[in-house]
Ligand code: NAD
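Taking the form predicted alone, here's one chain by itself in structure tokens.
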């Protein structure tokens, strides 16, 4: 039987009912980790997702529907995960939303929601996870940032601000845990065909009167030299590496997987 490097560990992945979060949750489950799912969706579909991951990988799974814009719900989720599995060993802060508009037209409530979910939620999960990680002298915190944590694009002021912030927060967390067995790093994906990005593709297709496939090609051509989407599976493999002992001295990095976007 294949040695499962994360057997006995518990991973909490926010925003893990679809897209990047689900890809990372599946990769960690394949390595033997228990999985705490979080995210919005139909209750029956989420239950089926839990059952599928449990069956495929032999993992124990748990779900908490915390709204990641609400600190009290985040605290309840972290406490529930600890009751279920003892502690959170691996924390993946992935939950995110997007809104596109010029700064002068950007709705205040959208700005506040993006900062809350894309940035502040990581502070709340991290502050609650760190005591048990430090006590065990082992932990992995992985913040899913974006290439937009490294470079900017127009009409995405809140998202870019939040993702730059998450990289700064990653570095501080890494420094504060530098002499412990806890590490903190950020992953910065380029275009990944998540439901969030698919909405942008759909809008581009409708606005331009072009097919969905043409809209995808146009989107990639603007930013991503490889002309291909990054996949959730590729990001999951990188997350597994960051959880390994080999990566124990990888601390405070912002690791872009972006088809060459930031190299330009």
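Positions refer to the first chain, counted from 1. Everything numeric in this text was worked out from a predicted model, so none of it was measured.
Beyond the structure shown, there is the form predicted together with the named molecule, which is absent from this document and is the topic of what follows.
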property	result
4.5 Å heavy atom contact with the named molecule in the model of the complex for all of 66, 159 and 191	yes
Stretch in contact, per heavy atom within 4.5 angstroms of the named molecule in the model of the complex, of 124-132, 169-177, 101-109, 88-96	88-96
The named molecule contact at residue 20 in the model of the complex, heavy atom, 4.5 Å	yes
is_contact(residue 82, the named molecule) in the model of the complex, heavy atom dist at most 4.5 Å	no
Contact test in the model of the complex: residue 186 vs the named molecule, heavy atoms, 4.5 Å	no
Proximity of residue 220 to the named molecule in the model of the complex, heavy atoms at 4.5 Å	no
Residues in 23-40 close to the named molecule in the model of the complex, defined by a heavy atom within 4.5 Å, in order	38, 39, 40
